[in-house]
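The data below hold one chain only, encoded as structure tokens and taken in the form predicted on its own.
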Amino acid sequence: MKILFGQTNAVDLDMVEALMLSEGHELISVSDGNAVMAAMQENPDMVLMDANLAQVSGFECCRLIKHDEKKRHIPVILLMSTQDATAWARFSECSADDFIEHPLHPYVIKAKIKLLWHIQELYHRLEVSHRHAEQEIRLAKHMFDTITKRQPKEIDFLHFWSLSAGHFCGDLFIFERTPDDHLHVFLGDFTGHGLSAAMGALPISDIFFSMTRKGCDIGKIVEEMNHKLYEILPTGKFCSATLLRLEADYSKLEIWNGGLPPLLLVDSHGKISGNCESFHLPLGIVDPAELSFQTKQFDLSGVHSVVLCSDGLIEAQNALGEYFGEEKLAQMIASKVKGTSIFNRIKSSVLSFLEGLEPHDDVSLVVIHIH
């Protein structure tokens, strides 16, 4: 291990040098604070220095090291007097990792270095684990982005927004038209986040796109999705989902809702004229023979917008622990703000409600404006 040692006392310097050599360490010895900072370019594994170095104190050297993104992980031990109250205050402010009290004793020095080196090894292991996790997140995000961009083109009356709980959103929103120009829309909320959610999204999206493009009805699509997820997902993993079919002439809406909040039908005055609550279990929980694939149909005459969301929107909590809730959602739908759409009002309200806080669960919002 390469240790940078800053000390002006010749006796202490000789003793530490002999000790480090006997322990098999490489020692870089300097006598003042400026030299300590210059020697940091040699990338030591640990810094051991007197708190009262000349030119730049050990406290200030430590503060500068800990404010350097590339060096802050290097352990720093200060040699200091514990009888000095001012020294204690400066020690706490400079973010040093440990201290050794004067007079120096070889056994204490050896024990402190061994302890901090063990902590440093744990830090490196954590860094490796973190990098692996980041790679998984990037892979999962790439998979999700690939899935959700398979639609041939955007639809101007279909609006979607999501806010992830953490680095990655586990909600899936996809849409596609049938050969007869009917529109199929899927919103799914997978348990978990990251790669585990992406693994479930892959087969679901494949089934959705292939069966929609063949003109299959949504009951059949749900049946196949449930069969696949029940087959591959472990116990406790499932997908709450809403699948709907909008007729090409915008006259009717067919819905299957398994575990998501009620889908809302809104008239031109912002009044909720109808809803479709969850009337089935989520996908992947029960054997295909036990799950109902029955859908509900709604006449869209007089309906201006269709609103659906994931649990994360309804259950979003602010700093006071209050829930956004269905009542506030209805208020945003009904409110009249000139120049704003239902979609933008709800989105802005959720963001304002959270005040910059990360949500506890992924938030997804879909609004379909009926022509």
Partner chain sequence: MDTINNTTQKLHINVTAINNTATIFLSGTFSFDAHREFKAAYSNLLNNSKIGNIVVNLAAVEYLDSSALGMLLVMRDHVQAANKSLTLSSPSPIAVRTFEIASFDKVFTIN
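Positions refer to the first chain, counted from 1. Only a predicted model underlies this, so the values are computations on that prediction, with no experimental measurement involved.
Although it is not shown, the form predicted together with its partner chain is what the next lines describe.
- Contact with its partner chain, judged by heavy atoms within 4.5 Å in the predicted bound form, is confined among 200-208, 94-102, 175-183, 281-289 to 281-289.
- At the 4.5 Å threshold, heavy atoms of L357 reach its partner chain in the predicted bound form.
- Using a 4.5 angstroms threshold between heavy atoms, T340 stays clear of its partner chain in the predicted bound form.
- The closest non-hydrogen atom of Q120 lies beyond 4.5 Å of its partner chain in the predicted bound form.
- With a 4.5 Å cutoff on heavy atoms, Q317 counts as touching its partner chain in the predicted bound form.
- Of the candidates S81, S273, S162, T191, T191 is the one whose heavy atoms come within 4.5 Å of its partner chain in the predicted bound form; the others do not.
- Note on contacts: among E277, D145, D249, D156, the single residue with a heavy atom within 4.5 Å of its partner chain in the predicted bound form is E277.
- Contacts of stretch 230-247 with its partner chain in the predicted bound form, defined by any heavy atom lying within 4.5 Å, are made by T235, G236, F238, listed in sequence order.
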